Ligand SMILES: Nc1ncnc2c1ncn2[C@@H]1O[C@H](COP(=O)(O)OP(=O)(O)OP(=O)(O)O)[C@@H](O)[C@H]1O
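This document opens with one chain alone, in structure tokens, the form predicted on its own.
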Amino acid sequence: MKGRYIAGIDLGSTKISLMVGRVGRGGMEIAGLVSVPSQGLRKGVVVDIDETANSVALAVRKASSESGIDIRAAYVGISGSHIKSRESYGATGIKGKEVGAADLERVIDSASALYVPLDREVLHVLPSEFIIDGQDGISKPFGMAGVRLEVKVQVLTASQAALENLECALEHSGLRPVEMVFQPLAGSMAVLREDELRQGVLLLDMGGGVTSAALFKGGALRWAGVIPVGGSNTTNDIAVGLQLPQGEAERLKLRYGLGPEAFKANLFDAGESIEARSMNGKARQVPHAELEGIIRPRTEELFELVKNEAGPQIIRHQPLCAVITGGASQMKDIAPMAERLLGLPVRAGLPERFLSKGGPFKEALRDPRNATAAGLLLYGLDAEGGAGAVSSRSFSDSVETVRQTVAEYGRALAKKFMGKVRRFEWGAHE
């Protein structure tokens, strides 16, 4: 098959999704998508290198067979409570009359010169805004006149051991990481709208093991965090509390959720029991009130934890809404609960901003579980300067300013500015 391809792999605690995109003049279309059970990962961190490698290798084999493409490298979506966000600041004098490439390099170097413990590593450095002679809110400083240039950046760091263990697992699987990307950064490119990014939005990627959060405003990342609670916690509670297999507990959680919408859909009447398959495979009746009595407290706890973690940032940046995505976001009636507890309007985040929505994978773009994988393709397309990249990006316009002048000052600064600190130089797609 001819053409250029980009692969993105979402490494979750319960499943691994690998999506392959074919790049064309009109943008990108999906050429393959597979999901396999995740083994060896717990709450986003590798706990068994061999099992993780085997899971990744299985996903690669299936995706290669489905797409007809020999997949050797991919953009890798990662999360985990070891990932931390920190704001940093840099300043420099402007050499000459206008802001040039060397000025941008110096100011980013200044902002990046913060203390990072030996057991941690910088994952992303993402500018929030530039300031020229006291004038803030500048996203495109290149070519502007002034004397003093300042920048505010968000620095995302990760556990060095966690990254090295993941690299080792990927190496054993035979898949080369082009770049490791914090999952909400990738997901934002697929699910967030330009007006949300500009006016303020809290993105929650609700995975099986963790819930990853990112707050954007003015087109830039303002804060990020990871809560070590996800959808599998609720599933486990149901399985233990009602003595059901994990698969059946997951089915009940997603089908019946928190109740009211299921009533409206006439799935059952209030107070009615639900049929479930017990551990021995026999049918049994489970009172819906008992199921909801497990789901509701656990889900409320999750959003309370999110509020405790993100609350100060919500007050500071005042986002207009929240967007929830990921597998756990499929639970019925979860949006109204999130609205009540977070105090923000909430909508479901589907990968609807994908550049091409047609073809056999159309339904995949209506599934929030595929948001990160789709976002990784758009992230890769953007990073490699592909067709439609500018329209798909979700970061600050200042990112494009630097990209436009890459030829003038080389790839090193582009990596710093775009947060590609941990980009691998093996070549992306052969």
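On a predicted model such as this, the values are computed, not experimentally measured, just so you know. Heads up: residue numbers just count along the shown sequence, starting at 1.
Only in words, not in the display: the form predicted in complex with the named molecule, which the text now covers.
The candidate spot formed by S85, T157 and Q313 is out of contact with the named molecule in the predicted bound form: none of the three has a heavy atom within 4.5 Å. Residue-level contacts in the predicted bound form: of V125, L302, V201, M331, one residue has a heavy atom within 4.5 Å of the named molecule, and it is M331. In the predicted bound form, the named molecule sits beyond 4.5 Å of every heavy atom of P319. In the predicted bound form, none of the heavy atoms of V181 sits within 4.5 Å of a heavy atom of the named molecule.
Remark: R22 does not count among the residues lining the named molecule in the predicted bound form, judged by a heavy atom distance of 4.5 Å or less. Contact check for G209: a heavy atom falls within 4.5 Å of the named molecule in the predicted bound form. The candidate stretches are 237 to 245, 138 to 146, 321 to 329, 160 to 168, and the one lying within 4.5 Å of the named molecule in the predicted bound form by heavy atoms is 321 to 329.
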